[in-house]
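Provided below as structure tokens are two forms of one protein chain, presented individually as structure 1 and structure 2.
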Structure 1
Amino acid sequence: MRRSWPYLLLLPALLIVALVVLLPLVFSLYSSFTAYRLTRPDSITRFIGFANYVRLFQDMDFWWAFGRTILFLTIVLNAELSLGLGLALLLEQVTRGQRLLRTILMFPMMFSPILVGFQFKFMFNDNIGIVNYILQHGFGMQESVPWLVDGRLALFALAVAEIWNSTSVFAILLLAGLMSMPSDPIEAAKVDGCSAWQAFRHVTLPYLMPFVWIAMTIRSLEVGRAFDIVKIMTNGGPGGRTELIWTLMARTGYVDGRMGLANAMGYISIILSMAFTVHFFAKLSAARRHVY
């Protein structure tokens, strides 16, 4: 009896996950081998083997979206880490009013990504956006910058929105790490003649690494959130220049109705997301062994 307790306790969780996650996954794996089209429900029985995958592998638009997604994630995660670390170090210096500052810091976390998308679409708008307003009235620029119309600027604008939304996660976690750090090692390093930078580099940073990787793991669990922001701000445009794997997938599935092909894409994106998570989780375990 006692042996079955943990399984019984976990049963509801496993059931709901099986119904909402595993069943759809099995279905999408199956349908990625069919010519399933939303407009013709009977096409789900038309088994076509690996044709969808072969087609994706030959499709340059897909590979561009794939590469762009990885580039986007790399830029965004690194920027969030650096800015978050900076903010955490800054806030750690503060002795008074830190609670208030911490609360302000978490402000962007409460914004729904879709809201962030609209918000930044509004701010970067070339006619009525505040960014151009400030550039023109504050810095005397003559023309308005077409932030969301130019391909390169658009990807930059997307990154800014995503970074604004999620840097707090890093900042809060790293701040918690800094605050939980014992002060003796730093003082010992200072006594031994280390400079502030050396103490940071060789004492503080290694201690913070588990916190860095936990933040990365948490963020990698929700990188697909960027879909909301991209969909609202540019919807993959202009001319597919900001198309990420998720927007391409939604377009193929819901707009073109090619569910089979879209589910093949979905599978590739799931594997990509999991690879990020597993990678960061492995780093986390290694860093923990190093510190504790």
Structure 2
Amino acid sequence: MRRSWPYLLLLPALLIVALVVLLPLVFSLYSSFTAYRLTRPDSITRFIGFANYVRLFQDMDFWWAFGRTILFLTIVLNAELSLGLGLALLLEQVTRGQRLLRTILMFPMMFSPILVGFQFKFMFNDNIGIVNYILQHGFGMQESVPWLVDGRLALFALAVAEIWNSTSVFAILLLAGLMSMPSDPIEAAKVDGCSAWQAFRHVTLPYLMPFVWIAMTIRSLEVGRAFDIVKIMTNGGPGGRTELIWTLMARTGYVDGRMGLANAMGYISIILSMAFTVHFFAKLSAARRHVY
């Protein structure tokens, strides 16, 4: 009886997890094999097999959204890594007030993505945005730039908002790596006559790579699910040119009412996210073996 007490105490939590997480997952997986429409509840019983998945693989709108998601993910992750690494290296050199600077650095990640979306939507506004105001009054540009109307510029504006919101994740993790790094290898490199760049390239950076891949894993899952900022700033426009997988999924499920097709899209996205996670964890394991 005493051995069963821990399991009995965990039972309420397990039931809640099953109700809140497991049952919706099972239902969404089942509905992805049906012709379920929100406007026709009886369609949940119409089983169509893999038809939704086959339809998605033949749908160019889905592939365009998939390509934009990969492009967006690549731009954002590389920019956040570069900026985060630079901020971490600068903060490591600070001897006084570092705690205050670390706290200030974390401010952007504390803002809700919805709030960030509204903030940057007004900043990039054609008529009243501060970005166009600076370009016109500070750099002498005559015409306002249609940041959220032009397809390429709109994707750039979304990337800027996402990078501002989450660069601090990379900076904090990489700063933790720098602070935990032993000083002996750097001192040995200096004694051997290595320049600052050589010491960074061959000593510091390999030691930081496990932290880089941890940050990459966390942020790839978050950016791959980007929805709030895109929804607020462009809503997938103009003309669907900033439509990402998760905004397309929401439009398919809640606007068009094709929930079965949207759930199939969601499970394809989950498989892609798992593939990215496995790839990054493989890189993490290789980096840890190299260091230790």
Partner chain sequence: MRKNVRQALLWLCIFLAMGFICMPGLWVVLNAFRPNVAILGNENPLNFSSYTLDNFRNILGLGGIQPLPVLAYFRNSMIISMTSTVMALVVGLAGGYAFARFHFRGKNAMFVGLMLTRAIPGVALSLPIFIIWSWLGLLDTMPGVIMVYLAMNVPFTIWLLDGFLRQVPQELSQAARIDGCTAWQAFWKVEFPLARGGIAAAGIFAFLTSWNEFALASQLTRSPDTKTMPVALMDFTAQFTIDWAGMCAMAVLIIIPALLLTFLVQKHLIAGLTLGGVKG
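The term rigid core refers to the maximal set of C-alpha atoms that superpose within 1.5 Å between the two forms. Please note that residue numbering is based on structure 1, beginning with 1 at the start of its sequence. Please read all numbers here as calculations on a predicted model, not as lab measurements.
Name the structure that is the form predicted on its own; the other one isn't.
Between the two, the form predicted on its own is shown as structure 2, not structure 1.
For L11, CA displacement between structure 1 and structure 2 after the core is overlaid, in Å
Displacement of the alpha carbon, after core fit: 5.1 Å.
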